[in-house]
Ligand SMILES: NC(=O)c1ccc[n+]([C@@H]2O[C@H](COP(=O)([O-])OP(=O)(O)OC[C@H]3O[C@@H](n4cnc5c(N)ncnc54)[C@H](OP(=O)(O)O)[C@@H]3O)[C@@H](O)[C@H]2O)c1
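What follows is one chain in structure tokens, specifically the form predicted on its own.
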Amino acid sequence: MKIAINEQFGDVEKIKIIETELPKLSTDEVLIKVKSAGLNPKDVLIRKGKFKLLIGRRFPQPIGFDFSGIIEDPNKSSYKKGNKVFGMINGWRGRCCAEYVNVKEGELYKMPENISFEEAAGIPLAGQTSLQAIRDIGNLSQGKKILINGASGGVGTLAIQIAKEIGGEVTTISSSKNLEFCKSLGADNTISYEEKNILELDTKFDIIYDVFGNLSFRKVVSILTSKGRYITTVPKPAIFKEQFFNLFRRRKAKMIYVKSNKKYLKWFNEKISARRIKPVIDKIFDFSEIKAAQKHIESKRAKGKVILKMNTTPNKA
């Protein structure tokens, strides 16, 4: 089978598509024929060596954590061959940008019937990240105020919809050109970072969800409510220090560590099936175009998710 790997840490030229054997299954795994794979900033950061301590320096390193596809070998699971599924593998060593992937049964769920494989592949990592951050860590509830920074990207577009589904009052930060886009996804208030300094806002927020990663707890603490929470998806040294000081203050700084679990994927299946939440795709690339796809993510200009279509084209990467 074909699989995309990083040969070394570095730029996109370190990415190759190689031939390898089908993965061997553990007792709790199923084999999936991948139809689409979702790409994420996590893939770029890993390639650039930002998580060397977590993943080590052993190469090649397979790429990708999100997938949608068809059960090829159900093994000892409750699934049947041919079932359509989507999910995300846990940990720091990806392998979903491939023709086949082995996945633990607890990291996948049946795919919503009313969306495509490409749309389904964009949900698991971004969606579970935002659901766990907003609902589980942030404790968002009806009427509470949330500010989403970086709202027009893959994680942000789902965060808007999740927060509205829970009942929050949503304010987004994006570029001026994306204000209407954020509003179309349900944002109650939209702010252009090009036109307004958020620290001058009169409003205080119960949650500040920093997807883009250019804010900090110290910077925004003045616009948090007395028990407000700053939650970031971007691992930086400052956030680890701030989490220690949470022991001594009411306002909290949190880092989201997403964990794939079928109960969260079931939540998305139900909400998407009921048309309460919709996937947002920026661009679909062929598998052979994975270098261009990761370059597009690095531009930080994507409106929604970047997806690889696993069409098993000739090896051109």
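Numbers follow the displayed sequence, beginning with 1. Predicted model, so just to flag it, every value in this text is computed and none were measured.
Separately, the form predicted in complex with the ligand exists; it is not shown, and the next lines address it.
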{"property": "Interface stretch in the model of the complex with the ligand - options 286-294, 25-33, 273-281, 254-262, non-hydrogen atom within 4.5 Å", "result": "254-262"}
{"property": "Listed residue that, although the ligand is not shown, lies within 4.5 Å of it in the model of the complex (heavy atoms), from 147, 108, 159, 125", "result": "125"}
{"property": "Contact label in the model of the complex: residue 171 to the ligand, heavy atom within 4.5 Å", "result": "no"}
{"property": "Contact flag, residue 234 vs the ligand in the model of the complex, heavy atom cut 4.5 Å", "result": "yes"}
{"property": "Residue 154, heavy atom within 4.5 angstroms of the ligand in the model of the complex", "result": "yes"}
{"property": "4.5 Å heavy atom contact, residue 241 and the ligand in the model of the complex", "result": "no"}
{"property": "Site check 42, 129 and 193: each within 4.5 Å of the ligand in the model of the complex by heavy atom", "result": "yes"}
{"property": "Within 192-220, the residues that have a heavy atom no more than 4.5 Å from the ligand in the model of the complex", "result": "193, 211, 212, 214"}
